[in-house]
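Only one chain is included here, represented as structure tokens and corresponding to the form predicted alone.
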């Protein structure tokens, strides 16, 4: 996959979440983007039960992306990540004596995929326990894997339908030893989704906003 940016889009003044999503869809279609199905990204949270050596328990996030249906990603809080096949969920059940599922913490993002020239755009609503928490936008520039070579182009494109809500450069790129010239991969994308999910977990959206 190419360089990808994931960001939150605020609900438009006087509009609901769904109305704001519809506005984004309309702007993309006016640009000439073509709808190409739907997508889903989800995240289950597990907490380690053992604290040998007096260490505090850590969180493990198991994430799925419909773009990669045969695999999932496991990210440890502040630690390494690994890519595994879809049966990893079954393994987590067998490891319940070591990792406890945090009930009610599953976050899911669903929405529509659009294609515009070399860009793949996904507009989704983020929900937790059936409660809508916010709006996500993912933009991928497919031909390039080096953020430093295409970020200005991506920013200009995002401005065409996000306006002043264009995000800054994702920190996941700048944090790498090679900076903007380290190749991007799916872990970078899922890390951005995880950051967004953790941010939205802490937010409460009023009932009037989610009609």
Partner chain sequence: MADVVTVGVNLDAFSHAINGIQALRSSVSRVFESLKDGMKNRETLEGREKQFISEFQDNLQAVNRDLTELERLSGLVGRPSESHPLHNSGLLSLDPVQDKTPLYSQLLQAYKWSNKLQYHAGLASSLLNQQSLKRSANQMGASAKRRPKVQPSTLVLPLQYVDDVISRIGRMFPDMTIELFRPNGTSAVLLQVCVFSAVLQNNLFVCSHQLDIWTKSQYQVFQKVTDHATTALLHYQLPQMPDVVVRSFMTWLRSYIKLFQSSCQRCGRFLQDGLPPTWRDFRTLEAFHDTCRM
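Residue numbers count along the first chain shown, from 1. For clarity, every value in this text was computed on a predicted model and none was experimentally measured.
Quick note: we don't show the form predicted together with the partner chain, though the next part is all about it.
- Only one listed stretch (81 to 89, 97 to 105, 115 to 123, 67 to 75) carries heavy atoms within 4.5 Å of the partner chain in the model of the complex, and that stretch is 115 to 123.
- When the partner chain is considered in the model of the complex, only one residue from 166, 63, 33, 144 comes within 4.5 Å through any heavy atom, namely 144.
- Contact with the partner chain in the model of the complex, defined as a heavy atom within 4.5 Å, holds for exactly one of 29, 178, 149, 185, namely 149.
- Not one of 12, 13 and 127 comes within 4.5 Å of the partner chain in the model of the complex, counting any heavy atom.
- Within 4.5 Å of any heavy atom of the partner chain in the model of the complex lies no heavy atom of residue 7.
- Although the partner is absent here, residue 39 lies well away from the partner chain in the model of the complex, with no heavy atom inside 4.5 Å.
- The partner chain in the model of the complex is approached by residue 153, whose closest heavy atom lies within 4.5 angstroms of it.
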